[in-house]
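We begin with a single chain expressed as structure tokens, specifically the form predicted alone.
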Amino acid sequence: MIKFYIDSKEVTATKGESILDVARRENIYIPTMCYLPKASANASCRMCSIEVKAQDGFVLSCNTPPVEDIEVITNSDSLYKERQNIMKLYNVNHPLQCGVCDKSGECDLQNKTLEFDVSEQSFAVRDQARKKKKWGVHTYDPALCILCEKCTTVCNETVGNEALYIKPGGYKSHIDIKLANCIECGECISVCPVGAMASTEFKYSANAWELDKVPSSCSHCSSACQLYYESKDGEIKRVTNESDFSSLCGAGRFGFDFENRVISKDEEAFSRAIEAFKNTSNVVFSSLITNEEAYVLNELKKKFGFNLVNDEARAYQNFMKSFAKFANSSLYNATIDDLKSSDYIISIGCSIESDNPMIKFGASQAVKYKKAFVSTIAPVEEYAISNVVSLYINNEVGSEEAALAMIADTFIKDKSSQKEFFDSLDFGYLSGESNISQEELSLLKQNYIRKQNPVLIIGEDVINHPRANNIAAIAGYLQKNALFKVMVVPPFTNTLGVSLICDLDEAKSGLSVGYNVSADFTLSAKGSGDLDMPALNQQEGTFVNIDKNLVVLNAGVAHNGYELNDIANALGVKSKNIVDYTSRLGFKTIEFDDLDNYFDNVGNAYRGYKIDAMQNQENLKLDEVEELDEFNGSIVYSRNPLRQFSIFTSDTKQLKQKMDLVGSEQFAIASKIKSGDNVKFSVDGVEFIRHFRVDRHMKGTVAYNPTYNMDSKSSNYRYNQVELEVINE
């Protein structure tokens, strides 16, 4: 701890904190333009200059650590003049187009020009011709750019894609892009303090002060990131976030227009829905649902005795039950923040690039700030994260149980509690069948030495593996032995919440009611079922996100039809509002309106509350690793492209993508097809017709098959051997 003074106030700093960090924590104002708390300080604006008594000149508070007993001055006549001159420089030839600029009303340049009383310009520079550029969902106007470097910093450090850079040229310097690296996440737009980086779709559609701003959570993946729905005249115009502290992927930022636009209540369809619930054998639903809705369905199950079916959440539920028995904890213990601060990461059974973008963002930051060693174990190498991964291990399809068993054997020193399991491992056989060599395991162990914060990521491939229960047990055993913090990635937005709340079943014969899943009677937020329901951007409620936090969902736009709570009330499960169930979910008895949803000055998130893990002390034995099944011929991997997650992202205006089967040249040769062919194949009884496209970056004989247009996730292993039939006309 370092004691020092800011404006005569005694404060303390911990290792790694700058003077600016401490000032913000103590609610002491120091102006900034280029500072981005979630990235490293780039010190380009100099607005954060402060004075230190007994020291000549100004000191940059953003990147200067404090020294014991120094006295910091944050405001003086000389500092005011310095900041005023900085603003005059920023305003040299800055276009006077505030009336039509998208940033007007929330512009840092505008605000600080007024704050430091820049009422006239005493000097000028000959202006340069600067062409506007359109980069997909982004528009860049170099005439408005102040070269604060926030966009390049967030792209290179937070996102890790290194797409944006400064093209030098003196007064002609501007931001440029490597388009092949851009994932169109919009982080550059969110951090831009002026109107230089803007949303192509949003430009000139509304002024900031015209928009109604509703805090909520993203509903597309299990990170459930913080966001604001900003609407005008009942239509969501854009999504923003607390860009200093939180991030959004492209789906969260641009995939917001998925609401159900039903204009009235269909009383006849509602009556048929009531009868369907009374007579159904199954209620089938996906995990694109709030905790409160899941609770209501569970209560209706108790009342009417139907089977409550969600195969994907049930597979996750069973995985976590097995995990808990060996971890002595009902929940995994890693968070996204643990990932960001990790110095050693192993991922198995997870598509880091697309399954959950915040995992990729977190790994990128771990590499950038902690020099983390990152290894992915997967049958397909992801080219897009090659700048993040230190060691890619190419395991054979289906060999994840063997891979995790070998990892456990490699890292666990005291094997006495599971001696029979470890004695049964035949390394020669496992290595040969899994394609994981002893040299690769040695590299993993060698790079583990002296690491302080190792994290193991378990993905959807493993959760749905035929040997999922034993894989879960091994992962739990690794967490129990404190060798790794473990993260078991929930496949869908609220898979974790559903698995904790619902008593789930296998489907039985008879009639079925589907909630956003096709069935004999379908309740649909897509407007294509038997009764319209609100989409998740039209609801109040909560999710349990990947960090095991119960987070708040608020409606960004109105829904004019019926809701699940209306059906529940008609069936005798009564509550005035659906959020009245928030305090009854079985976690904590906190009412919905009492849940926090904000960040403090230094970025601490106050979003709902943490779900407590339950402890147990079972001493069970791991099963032996089974012989590996062989996967030969053409293998497709059910994996969605970046920015696509579900039937809701599939229909949004700015996220349109082709549903191609994507494979390597090697895959095309082995499967006797060529780029441009239309092919037909079946997976788990579902027939697909896909246009095939070769990706020159891909390797191996596995192709990606997108499934985001399907209304539910399969609980089966995501790799499948298929027969491809060319159907070109």
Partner chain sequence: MKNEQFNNRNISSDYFEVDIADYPTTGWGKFKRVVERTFKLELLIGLWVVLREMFKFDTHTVKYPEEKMPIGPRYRAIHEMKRLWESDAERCIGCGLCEKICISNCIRIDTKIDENSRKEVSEYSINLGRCIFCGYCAEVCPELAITHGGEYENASDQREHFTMYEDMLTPLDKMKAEKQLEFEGFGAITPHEDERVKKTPLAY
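Model, not experiment: these values are computed from the prediction. Positions refer to the first chain, counted from 1.
Missing here is the form predicted together with its partner chain; even so, the following discussion is about that form.
Undergrad: Taking a heavy atom within 4.5 Å as contact, would all three of Asp337, Ser650 and Glu725 count as contacting its partner chain in the model of the complex?
TA: No, none of Asp337, Ser650 and Glu725 comes within 4.5 Å of its partner chain in the model of the complex.
Undergrad: Answer yes if any heavy atom of Ala475 is within 4.5 Å of a heavy atom of its partner chain in the model of the complex; otherwise answer no.
TA: Judged by the heavy-atom cut-off of 4.5 Å, Ala475 is well away from its partner chain in the model of the complex.
Undergrad: Can you check whether Leu441 is within 4.5 Å of its partner chain in the model of the complex, heavy atom basis?
TA: So Leu441 does not count as contacting its partner chain.
Undergrad: Does the 4.5 Å heavy atom contact test between Leu571 and its partner chain in the model of the complex come out positive?
TA: No.
Undergrad: Classify Tyr598 as contacting or not contacting its partner chain in the model of the complex by the rule of any non-hydrogen atom within 4.5 angstroms, answering yes or no.
TA: Answer yes; at least one heavy atom of Tyr598 falls within 4.5 Å of its partner chain in the model of the complex.
Undergrad: Taking the partner as it appears in the model of the complex, which of 229 to 237, 401 to 409, 329 to 337, 381 to 389 has residues with heavy atoms within 4.5 Å of its partner chain?
TA: Partner-contacting stretch among the options: 229 to 237.
Undergrad: Just to confirm, with a 4.5 Å cut-off on non-hydrogen atoms, which of Pro641, Pro215, Pro142, Gly561 contacts its partner chain in the model of the complex?
TA: The option sitting close enough to the partner is Pro215.
Undergrad: Please pick, from Glu268, Asp423, Asp593, Glu618, the one residue with any non-hydrogen atom lying within 4.5 angstroms of its partner chain in the model of the complex.
TA: Contact check passes for Asp593.
Undergrad: Across 186 to 222, which residues bring a heavy atom to within 4.5 Å of its partner chain in the model of the complex?
TA: Counting only heavy atoms within 4.5 Å of its partner chain in the model of the complex, the contacting residues of 186 to 222 are Lys203, Tyr204, Ser205, Ala206, Asn207, Trp209, Glu210, Lys213, Val214, Pro215.
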